[in-house]
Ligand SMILES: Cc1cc2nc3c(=O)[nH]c(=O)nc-3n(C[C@H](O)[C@H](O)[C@H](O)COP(=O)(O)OP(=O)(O)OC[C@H]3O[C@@H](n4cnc5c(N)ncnc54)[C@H](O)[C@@H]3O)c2cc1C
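Form predicted on its own, single chain, as structure tokens, below.
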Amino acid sequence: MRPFWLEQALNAEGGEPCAPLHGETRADVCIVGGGYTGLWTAVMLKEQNPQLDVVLIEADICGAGASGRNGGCALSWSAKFFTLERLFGIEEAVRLVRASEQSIHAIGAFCEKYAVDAQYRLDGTLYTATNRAQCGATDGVIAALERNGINSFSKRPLADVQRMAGSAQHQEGWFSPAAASVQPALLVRGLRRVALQLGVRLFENTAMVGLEEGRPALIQTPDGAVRADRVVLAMNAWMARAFPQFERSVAIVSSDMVITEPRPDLLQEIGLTSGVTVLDSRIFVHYYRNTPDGRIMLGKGGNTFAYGGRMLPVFDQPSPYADLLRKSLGQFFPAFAQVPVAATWNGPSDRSVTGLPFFGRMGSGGNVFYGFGYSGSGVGPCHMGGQILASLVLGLDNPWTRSPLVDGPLGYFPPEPIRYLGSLLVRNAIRRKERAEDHGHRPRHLDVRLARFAAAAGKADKG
């Protein structure tokens, strides 16, 4: 059983997976991973150098990972400005915020250019507060964006916020037009089609089982191998399992989602009629949006943590937090309280220490590149990741290859079992803190202190 978005996309598409690799093949570039990062990289490489022989291998089918099951919220890095400034300085932080907004528009331009119907809607985003404790949480970063001439947000009157968001739960809100929503699996499957159209050689159901560095490098698969001058590892959450040196660079945590049956009449009634994405100001945020066929999708991150970077069976099952999400759905939208849920699902996201992805080179040959750590917010930034990795592969000298984003991991989690136990300790403190705030109570001091460990890296898992 595939997650809802991917099953919907596959039903619309028809066709069969590309054949797995049998035997050995030679390529200029081998990309490992058929999600957003790998496919954007492949497409950009072929657009810039059509003669380049690019092979892409995918362990399952393209979009089977996070790219086919996320919330479909294409957001910029505006809300991460303080983290960007702290790590990289003001000039690079400003550049990255601008580039992240440009990527939102570039995804739409790609869909138009190649006739990819990904249900792309450039209808903006609302950052909101759903209790008094959250009010004002966004003011500081908005002021910093304004000081640096990169602010796209405007504070809206409460009546407008509740109308645009379709819910009276919101107590304040900032709106930015620089955001979009997509059907995520339609986007990744569209990228797959374009990659094939541009001449990328794609092998699905072809896992990497070994990597021998060198010039050329050798990528081993169950029934074959690829010899390639350059390699791109675009495996995201699976990197921590495949390469022990990255085990402490990310924590694997779930984001869980529910989606209703279509009720376009109720959407009209509550006023949630655009493709706006809506997020509250929790640390592990609620995020939601509607779909063109009249559904509401609601998700929440930070639920299941994996020990030691393992891929748990639950990541490919209906969400164990479905009841909690269903309750939240009813609180946001009383009119939808009795609307049946069409599907629930979850999936692993690669949460980095900073909440930002990182990129770099592996090995002494300098010809194996990687990028991951999108921390549950990859729909828009994966387009930037494609630009970074394509630039590295092509040996370009540009703002991407000079960015400190290409310097590898920007921090490490403690070793196990401290990481796992600490993650649960912080998660449970966040839950108690936010439950108290929802009821208008002052949270315990210890819970507030523990929650700061997660808040320092920014809010998590928005799609």
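Don't overthink the numbering: it's just position in the shown sequence, from 1. Since we're looking at a predicted model, the values are computed, not measured.
Another form, the form predicted in complex with the ligand, is not on view; read the next lines as being about it.
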Among 80-88, 251-259, 151-159, 168-176, which stretch has residues with heavy atoms no more than 4.5 Å from the ligand in the predicted complex? 251-259
Report whether the minimum heavy atom distance between Gly190 and the ligand in the predicted complex is within 4.5 Å. no
Distance check, Gly347 to the ligand in the predicted complex, heavy atom within 4.5 Å: yes
Using 4.5 Å between non-hydrogen atoms, is Val226 touching the ligand in the predicted complex? no
Answer with yes or no whether Leu312 is in contact with the ligand in the predicted complex, where contact means some heavy atom within 4.5 Å. no
Does each of Leu126, Tyr127 and Gly275 have at least one heavy atom within 4.5 Å of the ligand in the predicted complex? no
Which listed residue (Cys73, Leu96, Val231, Met384) meets the criterion of a heavy atom within 4.5 Å of the ligand in the predicted complex? Cys73
If you apply a 4.5 angstroms heavy atom cut-off, which residues in 233-253 are near the ligand in the predicted complex? Ala234, Met235, Asn236, Trp238
